[in-house]
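Just one chain is shown here, as structure tokens, and it is the form predicted alone.
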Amino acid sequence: MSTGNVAKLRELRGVIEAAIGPVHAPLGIILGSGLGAVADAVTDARRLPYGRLPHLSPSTVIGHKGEFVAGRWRGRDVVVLSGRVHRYEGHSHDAVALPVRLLGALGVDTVIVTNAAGALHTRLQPGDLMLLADHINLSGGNPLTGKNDAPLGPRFPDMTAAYDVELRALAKSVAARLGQDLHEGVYVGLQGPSYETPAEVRMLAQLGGDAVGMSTVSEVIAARHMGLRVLGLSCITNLGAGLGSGTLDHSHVGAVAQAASERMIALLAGVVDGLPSLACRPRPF
């Protein structure tokens, strides 16, 4: 972790509040590919592109708008991060984690993280939705490396329940009510940007992974470091290399995510509707 995160977050919070007014929302949502409609549905929305926020980098990936949105969705105060930055864009783990740390600095208590991912076995198919039960960090680093910023969290945060058990139970019950098949599995986080080789797909499956992607893990580690509750959801956009025919292409991944977005948004809406009353956490500084 780079020193100075507290100073960066103070500056970010000040810029946001000067531009759009105070932000008090207990719920944060990080949107992956194809889910921009959630941000579009926020009412009383106050929006800021990442490029207007110090220390936040605009996303360069198609399907990631790169926008901070504060407002109301499903009758709740929310902060939505529409798009994210990734390690493969040249950013450090610390920079990738800064947006979710910003959520914690604004008082968010619960974070829903979404992503697009590739299947590591054929029990998952393109278009399926997967609830994250756990993750394996093979991204080559950790956003907590370096001096610990004690106001944000402890030196050695526990990751036993990185993905909140009660939130997962809620997601399962919502999926059942909607008649959706919601798989549950382990997400493997790699750096990318190259897709995995067939040998790597076999290895990751043998390690216990169910789906693989190039995001999320650093965000979740940083969120748990700050004591935030996390729910993770993946849209399976492709079979890993060697599991199907043809080659992998990002445009196809985006198209599958877009096609599945209606079901993902319905699931997200049901989860948000089913959350108990949430209160903003005390700001850490």
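Residue numbers here begin at 1 and follow the sequence given. In this text, all values refer to a predicted model and were calculated from it rather than measured experimentally.
There is another form of the same protein, the form predicted in complex with hypoxanthine (HPA); it is not shown, and what comes next is about it.
Note that among 77-85, 171-179, 192-200, 151-159, the stretch whose heavy atoms approach hypoxanthine (HPA) to within 4.5 Å in the predicted complex is 192-200.
The single contact residue among Val253, Ile29, Met226, Leu231, judged by any heavy atom lying within 4.5 Å of hypoxanthine (HPA) in the predicted complex, is Val253. Leu248 is the sole member of Ala41, Leu48, Leu243, Leu248 with a non-hydrogen atom within 4.5 Å of hypoxanthine (HPA) in the predicted complex.
Val212 belongs to the set of residues with a heavy atom inside 4.5 Å of hypoxanthine (HPA) in the predicted complex. For Ser218, no non-hydrogen atom is located within 4.5 Å of hypoxanthine (HPA) in the predicted complex, even though that partner is not displayed. The closest non-hydrogen atom of Gly118 lies within 4.5 Å of hypoxanthine (HPA) in the predicted complex.
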